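What follows is a single chain, given as structure tokens, in the form predicted alone.
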């Protein structure tokens, strides 16, 4: 994975950070009549097609995060997520391309077939696990990693979802990509964009990128986590981190990021209505949305994108949403079964091995 000198953000950032060429960009936009409701017409941004290795939204952020300090070395990467985390999968898969390993602080998720497959791939890639049964117990897993069960070589920490100022640049660039597709007539100017929210690097970077391109719209962020895990304060902080990172690399904009969004007509809101019993717990509405999306040729999952489409369909059925709407599909639909090796269960710590051996 060698850094590339081609930078879509170069017009804005004269001192560009390094970037790895991991994604196949631009990803297409497609009309999806199966998701139309009421007076709204729906298009889909197909980020599920962003990579033959592992698509979805994570690859856009990893292009920047893995290319720059402290992650541009041969050291392992330490990060965290649920046992079915798409972030953990993306990091592990792209690290494996250069012979590096993932150190994962994990917590239990409902052991759906999708989660089981992801865990099998992580184990097959040689991921090392420090597991807690709950998110609340993650600090104890971190202490075991640092003090009691230390690896031979410690990993360099990466925030959840690779969502920091640098990672957010991937979706600032995505905002410019979408603006060009609008200008080229590939889709009409969307009045509303639906995107899932967890670590929020996707939606925060996208808001800034669209504002810089003058694409006035409303970004509807459908949260997959409870209010304490993701809220307006956290989102505003991440917007500021991305904006500060841009200034570090030569961005000449003045004022605050809130002013940039306001002047460009970019607004945003967070909806927690689809979280259900908790993070990564499937809901009936999410399952129904997955079925509907499947009729339109889309493959979604129960943790993020299924819940996002469920919220979108519910809102579009009302009379207050009309015109062009965009669903940003961040799910990676790659078939990872060829990555699974025989006996992968034996590579898990005992508590995880017991979880995968228990019938659903």
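Positions refer to the first chain, counted from 1. Values in this document were obtained by computation on a predicted structure and should not be read as measured data.
Form predicted in complex with a small molecule: not shown, discussed below.
- Annotation: in the model of the complex, residues 48, 51 and 170 none come within 4.5 Å of the small molecule through any heavy atom.
- Residues within 4.5 angstroms of the small molecule in the model of the complex, judged by any non-hydrogen atom, belong to 194 to 202 and to none of the other stretches in 283 to 291, 134 to 142, 194 to 202, 91 to 99.
- When contacts are judged by a 4.5 Å heavy atom cut-off, residue 301 counts as touching the small molecule in the model of the complex.
- Using a 4.5 angstroms limit between non-hydrogen atoms, residue 331 touches the small molecule in the model of the complex.
- Of the heavy atoms in residue 106, none are within 4.5 Å of the small molecule in the model of the complex.
- For residue 307, no non-hydrogen atom is located within 4.5 Å of the small molecule in the model of the complex, even though that partner is not displayed.
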